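Shown next as structure tokens: one chain only, the form predicted alone.
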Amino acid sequence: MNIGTASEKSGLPAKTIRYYEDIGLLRPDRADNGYRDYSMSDVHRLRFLQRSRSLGFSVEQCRQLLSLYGDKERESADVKAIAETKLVEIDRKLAELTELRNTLRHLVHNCHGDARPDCPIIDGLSGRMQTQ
């Protein structure tokens, strides 16, 4: 199938499919005319990549997962280790976001939001006020 059909079946834009090919995540066959010729196996790999990326896995992690996906002798411990690493990263980001939210909430709570020029939010952003 051509890239347009592969795009429809995988739900990925053709540009993304070409990018995945450029970085070696996908290697479709070439037809006699030189055009890419995608198989259903390629579409399954594209869907796998789409789901992996939507869960936040990096391109390199996707490369590892895709390699394991194609390895019928794989050990699930290898897959789990990659997923656990991602979970640790997500938990770290959530902690950072929680801290950011709390700091901003504190600044907003302390701002009167009226006609006066003094503003704890501006003071906090400028470093003139401790933010917690």
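It should be emphasised that the depicted structure is a prediction, and the values quoted were computed from it without experimental measurement. Counting begins at 1, following the sequence as shown.
Quick note: we don't show the form predicted together with the DNA, though the next part is all about it.
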item: Contact test, all of R27, H44 and F48, partner the DNA in the predicted bound form, heavy atom 4.5 Å; value: no
item: Heavy atom within 4.5 Å of the DNA in the predicted bound form - residue from S58, Q64, S39, T85; value: S58
item: Contact test in the predicted bound form: R18 vs the DNA, heavy atoms, 4.5 Å; value: yes
item: Contact flag, R53 vs the DNA in the predicted bound form, heavy atom cut 4.5 Å; value: yes
item: 4.5 Å heavy atom contact, N33 and the DNA in the predicted bound form; value: yes
